[in-house]
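Presented as structure tokens, the chain that follows is alone, the form predicted on its own.
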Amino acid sequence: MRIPILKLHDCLLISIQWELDDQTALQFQEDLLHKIHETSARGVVIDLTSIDFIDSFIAKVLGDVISMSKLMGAKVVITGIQPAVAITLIELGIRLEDVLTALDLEKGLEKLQRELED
């Protein structure tokens, strides 16, 4: 199953609605990078509100997706990180130091728009 990637102006919106398996995560990585290239998106919001748990592989793929998106010129905002996911990311050494975060999708979009205006 593929994760939908929606385009809104010059941004891409992704709301991950189910726990990811390894294959879906890798497909998402590929799909997002192609979509950034296709649309020349300047920003990406990835909403993780529905994700209660991630394993080490999914955490690595998420970190890679963020880094790759930034290399392609897109600013990334992660929204809705649950406490268990935040703990797992830090325990696994996945540092999201330069990544913008927000509590929910609406605040994430607002934050991204402010960043893109600068």
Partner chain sequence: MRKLIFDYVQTHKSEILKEWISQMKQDADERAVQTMSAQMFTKTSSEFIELLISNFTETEEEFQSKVVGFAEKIVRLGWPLTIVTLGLRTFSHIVAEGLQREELVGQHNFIEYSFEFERWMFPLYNTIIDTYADTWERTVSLQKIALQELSAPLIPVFEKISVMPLVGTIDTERAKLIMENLLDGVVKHRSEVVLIDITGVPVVDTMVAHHIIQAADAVRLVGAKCMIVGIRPEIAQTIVTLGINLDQVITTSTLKKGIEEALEMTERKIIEVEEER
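Residue numbers count along the first chain shown, from 1. As the structure is a computational prediction, the values presented were derived from the model and not from experiment.
Quick note: we don't show the form predicted in complex with its partner chain, though the next part is all about it.
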Check for me: heavy atom within 4.5 Å of its partner chain in the model of the complex, for each of Ile81, Leu96 and Asp104, yes or no.
yes
Is it the case that Ala86, even though its partner is missing from this view, gets within 4.5 Å of its partner chain in the model of the complex, heavy atoms only?
yes
State yes or no: in the model of the complex, is some non-hydrogen atom of Glu38 no more than 4.5 angstroms from a non-hydrogen atom of its partner chain?
no
Is Ile90 one of the residues lying within 4.5 Å of its partner chain in the model of the complex, judged by heavy atom distances?
yes
